[in-house]
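This document opens with one chain alone, in structure tokens, the form predicted on its own.
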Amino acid sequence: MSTSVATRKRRRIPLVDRIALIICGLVLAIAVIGPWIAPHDPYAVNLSQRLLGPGPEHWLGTDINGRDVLSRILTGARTTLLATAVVLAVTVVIGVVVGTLAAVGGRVVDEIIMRITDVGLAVPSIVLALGFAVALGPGIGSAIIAVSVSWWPGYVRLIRTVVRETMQSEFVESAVALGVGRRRLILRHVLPNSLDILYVQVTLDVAAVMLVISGLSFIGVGAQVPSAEWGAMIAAAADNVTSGWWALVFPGLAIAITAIAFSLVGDWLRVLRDPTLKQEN
């Protein structure tokens, strides 16, 4: 009985992490259904209602063009999170393929890939993304490409390290002794046992990638006005802070709350994957 109680205690999710999980679930749901539950047209300009404060008709107020801030936040969740998801999907695929090739391709291949990766990691991601975004021209597509190009080196190094550790496991050595082919060994035995760390890293990177994409939109090289992307909303409201603070604060809160929630969930998954970290927390 005592063992059962202890097991339940170990599996209990801390309150903060439960709240973060709920917030992440709500944000993902809003990204899917946001445009359909928005109370107003997020792109409808109504200058007679410009910069109205929060009230019964417009819960979060209106922006400089009279557009409902709440509706734009609900609609923009899809743009912001979809861009984040595309960046992470692209970088994970590149990381898995190139990282695995570096781990099993021999010393020369490993050296070439790692030196290229080192160059990418030597430059801060935001600086590299900004450079590519400026070169490609403003737009959400350019921002996605720019962040993807700057983000993949970290995943390559991570996958290379994990795959090399997995290759030294006993079950891999047993598979080799049984005559399992190299391709099947990697696809059926090594990779499935190496990718669990990606769940943690991707969740942690949601916040970072979202902040970079929003930052690129804010400085004018990402999503462009009148897009409802959260960073672009903040950029559009930056000139009217004193007369319409709500048009800037509420999109900023959406970014901050979402980033914190995904970071907490990622940290919880990290601890869940490595129980020894529980003692440190």
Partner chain sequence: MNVARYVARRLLLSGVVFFGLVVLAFVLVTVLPGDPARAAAGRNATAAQVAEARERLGLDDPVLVQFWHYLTNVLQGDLGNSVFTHRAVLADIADVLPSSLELVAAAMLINIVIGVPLGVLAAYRRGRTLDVMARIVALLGATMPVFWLGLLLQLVLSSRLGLFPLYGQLGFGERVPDITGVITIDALLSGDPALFSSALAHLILPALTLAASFIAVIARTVRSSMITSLDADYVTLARATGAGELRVVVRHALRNALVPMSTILGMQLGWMLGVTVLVESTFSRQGIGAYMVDAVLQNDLYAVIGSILVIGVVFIVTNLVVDLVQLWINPRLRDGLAPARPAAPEAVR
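Positions refer to the first chain, counted from 1. Just so it is clear, the structure is predicted and the values come from calculations on it, not from any experiment.
Keep in mind that the form predicted together with its partner chain is missing from the display, and what follows is about it.
Shown without its partner, this chain lists P226, P35, G66, G252 as candidates; in the predicted complex, only G252 has a non-hydrogen atom within 4.5 angstroms of its partner chain. Between its partner chain and the residues S142, T100, T203, S125, the one pair within 4.5 Å by heavy atoms in the predicted complex involves S125. Residue contact with its partner chain in the predicted complex: T80 places no heavy atom within 4.5 Å of it.
Proximity of A44 to its partner chain in the predicted complex: non-hydrogen atoms within 4.5 Å are absent; the residue sits far from the partner.
Taking the partner from elsewhere, R270 is found to have a heavy atom lying within 4.5 Å of its partner chain in the predicted complex. At the 4.5 Å threshold, heavy atoms of G215 reach its partner chain in the predicted complex. The partner is not drawn, yet in the predicted complex one stretch among 66-74, 232-240, 22-30, 47-55 has residues with heavy atoms inside 4.5 Å of its partner chain: 232-240.
Contact annotation for 245-272: residues with any non-hydrogen atom within 4.5 angstroms of its partner chain in the predicted complex are W245, L248, V249, G252, L253, I255, A256, A259, I260, S263, L264, D267, R270, listed in sequence order.
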